[in-house]
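Here's a solo chain for you in structure tokens, the form predicted on its own.
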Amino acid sequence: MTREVDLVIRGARVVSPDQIIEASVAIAGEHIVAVGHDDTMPPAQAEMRTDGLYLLPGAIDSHVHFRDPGYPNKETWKTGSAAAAMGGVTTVFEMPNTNPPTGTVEALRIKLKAAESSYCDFGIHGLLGDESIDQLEALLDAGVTSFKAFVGNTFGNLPAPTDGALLEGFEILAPLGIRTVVHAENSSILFRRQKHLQNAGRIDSMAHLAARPAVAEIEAINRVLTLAEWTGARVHIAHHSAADSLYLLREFKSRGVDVTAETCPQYLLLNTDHMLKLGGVMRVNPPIREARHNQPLWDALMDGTLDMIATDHAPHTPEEKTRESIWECDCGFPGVETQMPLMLTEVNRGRASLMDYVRWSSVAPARAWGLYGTKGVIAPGAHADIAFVDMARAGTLSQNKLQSISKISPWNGRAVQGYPLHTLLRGRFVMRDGKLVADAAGWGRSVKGIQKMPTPKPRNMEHYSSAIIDAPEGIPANAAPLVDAL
């Protein structure tokens, strides 16, 4: 006798990176147990008709700031994860520039306690900096899934790691196969240029862009990928903003460096024309750039140079975003709730396919963070993480309706077509009929236990700091003998 399942979803179109098929989906507990013809589905306690809807693997946002602990006026885990659930996002990776920064086991435990109220599953990026180098392995043991290095400065003003610390961090993490997210801007350039602009009395919105030119991104990416290539470390370039630095991703990928990269809706769809109208609302790091950058970033997503979409969800209060001087406007804005309708609108416009979108929003991040198979796919054995999407539904984004505490957004008033109607996380609805399921708070859990990164491929280990320190008289172990050329 066929075992009864909890739910059968009937009449939907299931989307993968390769195809869209009409199929039904059976769910038992937290997992998908069958995908196929309606007649092949097992008996179920409940059935759901979804005619005309598309089933997408729940989006995985590898770049969010939930500000918790430390900044409850901006966001909390509960409100940030609620925004994720409303946006069809079932897994997030949260950044370490909270207070305290996630650079010690004690700080991590505080964050994990806050995350107990999460509506979505989550990973935690620990802090890679000069002061946390000796904590990396302990942080991994305590629950960190990955790391973040703020090579460019941003909210929290965490000091950028020195190049020596960055190299040493990569040497520690490369043999472990752990990926490090990098905010790739040259802090020295940014600080010096900002100081010049402030001394000149510039407080206008365009001064922020002037302080952070594309060359700062070019230089930092080149430096980071050089160190990654040398050590064999896995890296991820956050919020890629400039057309001018794409060639570096292409070059280092062709050389076998394990680098993934994200861009965000703001870099694809906004530019300085919008900045002139919205001012500090759009202040973000890296900055929104000139219109010439938009299409090359789309092209890079299409050809695989850029791997995925993330949001850099970075909430602040309206008061913190609307001050007279651009330098006093906090950097960032909410995005985890609006990403899916924004991108689905572009799909409806023919700019990409739904299959492309699934690759960018779910499959690629699942692969990058060692989750693919359990997440990132609608298939037997996978978590039942599903966004139910109505591609015909049209509406207007409203900052006042965001779940985030941050009720200010550059997307306010933007017309969209294509919405997630329901969000299923491990077999349980966390958003249904466009409304948050209130008692689902706390259903989210860490992905640490299911994360399986590929086999590490460290390089040049005989030159690692640890090898030099441990070798007699400072000679690297297994080093080639010196040849006297005289």
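Since this is a predicted model, take the numbers as computed values, not measurements. From 1 onward, residues are counted along the sequence shown.
The same protein also exists as the form predicted in complex with N-carbamoyl-L-aspartate (NCD); that form is not shown, yet it is the one meant from here on.
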property	result
Contact label in the predicted bound form: N285 to N-carbamoyl-L-aspartate (NCD), heavy atom within 4.5 Å	yes
Partner proximity in the predicted bound form: E75 to N-carbamoyl-L-aspartate (NCD), non-hydrogen atom cutoff 4.5 Å	no
Residue contact check: P410 to N-carbamoyl-L-aspartate (NCD) in the predicted bound form, 4.5 Å heavy atom	no
N-carbamoyl-L-aspartate (NCD) contact at D312 in the predicted bound form, heavy atom, 4.5 Å	yes
Segment assignment from 330-338, 84-92, 347-355, 369-377: heavy atom within 4.5 Å of N-carbamoyl-L-aspartate (NCD) in the predicted bound form	330-338
Sole residue of H383, H316, H125, H236 within 4.5 Å of N-carbamoyl-L-aspartate (NCD) in the predicted bound form, by heavy atom	H316
Option touching N-carbamoyl-L-aspartate (NCD), based on a heavy atom within 4.5 Å in the predicted bound form, out of H183, R359, R179, H293	H183
Residues in 47-78 close to N-carbamoyl-L-aspartate (NCD) in the predicted bound form, defined by a heavy atom within 4.5 Å, in order	H63, H65, R67
